[in-house]
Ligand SMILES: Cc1cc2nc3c(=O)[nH]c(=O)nc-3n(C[C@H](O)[C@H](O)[C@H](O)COP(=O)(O)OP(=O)(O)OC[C@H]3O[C@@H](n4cnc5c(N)ncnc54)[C@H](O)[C@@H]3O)c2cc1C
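There is one chain below, alone, in structure tokens, taken in the form predicted alone.
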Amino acid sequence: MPTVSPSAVHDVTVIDRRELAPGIVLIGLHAPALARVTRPGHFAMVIPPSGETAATALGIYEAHDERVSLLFFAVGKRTHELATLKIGDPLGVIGPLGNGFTIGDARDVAIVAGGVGIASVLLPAQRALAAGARVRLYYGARTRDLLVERERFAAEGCDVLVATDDGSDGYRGYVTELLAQTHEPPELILACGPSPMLRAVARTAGEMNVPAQLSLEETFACGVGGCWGCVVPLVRDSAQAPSFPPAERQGSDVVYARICKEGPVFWAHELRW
């Protein structure tokens, strides 16, 4: 996995805003310094304007020229406050954070996104397409109205396959079932979404004998690795295994890695959920 770029606190300004569906908001920020160092799969800790609630972790959706955008579901106090932002409003953002995705030389990439996981996969899709890879987006949501931005991915050059829980669009069922039905296994799978979906992606990737990178979703307290409140079990010989605390000799072959610091992206075969 790539090494994260140095993070910093950025004072940014809202320059555009769209409501993609009820409760799903995309805000564009004038953030040239952040845009320069953001890589596919990075996230940011966003400080609500009132300062009365803790910062919240959001995937970085776009990062080009002087603009960065954040796509999020307004589901709690912090995100509802962010959803009220207007053009011209100031905002504090800490980032970029995390390790991000590694595309390498894969020529056929499958990207699996569930719900708000779509917010973290546009940049890796663009990176893979720019390298000449075929990119298939497997996109799942509860219902058709929540399949936001799929036209954007299609316009970028992705083959878009959708699944809805209620059958209102595309395959009726889980997006992981749609992935498992493919007759053309990809060379690499990238995924972001809720934990049950990611576990299913890991199983399917193992059955296909395809490497998979999973971007884990978690509620971060600090976002910078200081509190150890977002750990996940990982094989001890992983290159992402933390060096602190030191592993005990002849102890368990599993260590705990911080999702916000060593992750959020991990190789599926190295996780021990």
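A residue's number is simply how far along the shown sequence it sits, counting from 1. Only a predicted model underlies this, so the values are computations on that prediction, with no experimental measurement involved.
The form predicted together with the named molecule is left out here; the points below concern that form.
Taken together, the three residues L198, L234 and E270 all stay farther than 4.5 Å from the named molecule in the model of the complex, as judged by their closest heavy atom. Only one of 126-134, 152-160, 77-85, 198-206 lies within 4.5 Å of the named molecule in the model of the complex by heavy atoms, and it is 77-85. Among the residues I111, I103, L147, A119, the one placing a heavy atom within 4.5 Å of the named molecule in the model of the complex is A119. In terms of contact with the named molecule in the model of the complex, the residue from L34, A57, A212, I27 that brings a heavy atom within 4.5 Å is A57. The closest non-hydrogen atom of Y174 lies beyond 4.5 Å of the named molecule in the model of the complex.
When the named molecule is considered in the model of the complex, L216 lines it closely, a heavy atom lying within 4.5 Å. Taking the partner from the other structure, the named molecule in the model of the complex has a heavy atom within 4.5 Å of a heavy atom of L71.
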